[in-house]
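This document opens with one chain alone, in structure tokens, the form predicted alone.
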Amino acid sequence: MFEPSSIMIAAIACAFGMTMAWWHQRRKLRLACADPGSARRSVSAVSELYDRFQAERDSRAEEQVLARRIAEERATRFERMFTSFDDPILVLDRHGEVVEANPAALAIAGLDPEQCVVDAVHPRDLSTMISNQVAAKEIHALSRNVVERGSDDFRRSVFELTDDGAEPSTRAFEAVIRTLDGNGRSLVVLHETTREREMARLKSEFVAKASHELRTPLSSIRASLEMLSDGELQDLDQRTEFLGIAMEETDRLAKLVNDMLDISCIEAGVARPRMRCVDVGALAKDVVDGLRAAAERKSVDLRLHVESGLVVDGDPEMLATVIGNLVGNGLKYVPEGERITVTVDAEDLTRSVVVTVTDTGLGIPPEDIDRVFDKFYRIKRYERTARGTGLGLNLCRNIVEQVHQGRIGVDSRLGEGARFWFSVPASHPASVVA
């Protein structure tokens, strides 16, 4: 008996299926011809499906355009931020080569941002960006370390860069290295600490000098009191002399402390000046009259030339301190028989009132001109000529520049005397011009 194979059965089934599909299509066609409304509904359904497809496609296209614009905007914003940072920033690849560098980083490397290309296609060796080779190797090693750890951990490194230009200088930096992404890249931010280091040095220097200046009068006072306490000074004249020394040193100590407090308050912005209209000529006359006795004891010719009617907005006590310190400074260092002239005048160009203290004394060495207004600075050549704390001129500068928004300076030649001056904006510029 003949038995059909599986292939034959499949072929018969396929042919049967195709016949049934053809018959079904023919039946639908006959129904459509018999019922035009059904045909229209079918066409409408197809058209609706097509419209939905088109709307979906347009929506997807708009989303893609919007996403692209957002990505471009973020990239532009990141680029602006990256280039605007004052701190040098470097991006290193997994091999430790520089693939991104902002203009600040190119500047410390001595490269022109307009002409230099640093990117993933043209990477640079880290040693070409950081001239300190030891620091470059350390940063390279630290960047590999943070990448291998694969965490949010970071490393720090400090180093210095030396500029061998016309005026050699050294700049201090602190490098902060952290992982940037999962592709083995790291971010290196270089923060310059030159100013912080200088401020720390100045602070230590200030403390050292202040301690020295405080120790000197305290030692003198203590020695005088010990001798009085031990009964070593039986003679009345000796006791009077040592008591006078103790009083003098106490006054010096009090002035030193007061000057330090005044300078600190002004620099910290917590000083409370009592501003009002001040007749600078009348103020200068009062100060000079109070110092005439000291000038006569030293046989110094103290003169005053004042233009009346010059008024400024200022604190009269502070301005009197400035004039008194400048004249008193001259009395300390001007030899006997010399002359000090105080002048109050108007400066039409800047609409300000200028006070000038000119002497015919020893003058200031050129190397000391730029430092005479520094804290505790005293000219070594004249340290034995007169005693002082080195704070008076610094206090003058703070009062004039910080409190009264004025200017202060000095002109001098060694052996030809000195001219100290300061200017303060006038309250009524019209009167200055008149």
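On a predicted model such as this, the values are computed, not experimentally measured, just so you know. Counting begins at 1, following the sequence as shown.
The next section is about a form of this same protein that is not shown, the form predicted together with a small molecule.
*Look up in the predicted bound form whether residue 372 has a non-hydrogen atom within 4.5 angstroms of the small molecule, and give yes or no.*
Looking in the predicted bound form, residue contacts with the small molecule include residue 372, since a heavy atom lies within 4.5 Å.
*Answer with yes or no whether residue 403 is in contact with the small molecule in the predicted bound form, where contact means some heavy atom within 4.5 Å.*
Residue-level check for residue 403: no, no contact with the small molecule.
_Exercise: residue 399 in contact with the small molecule in the predicted bound form, heavy atom 4.5 Å_ = Residue 399 lies outside the contact set for the small molecule.
*in the predicted bound form, does residue 332 have a heavy atom within 4.5 Å of the small molecule?*
Yes.
*Quick one: which of 191-199, 305-313, 177-185, 323-331 gets within 4.5 Å of the small molecule in the predicted bound form, going by heavy atoms?*
Stretch with heavy atoms near the partner: 323-331.
*Would you mind picking the one in 123, 363, 273, 103 that has a heavy atom within 4.5 Å of the small molecule in the predicted bound form?*
That would be 363.
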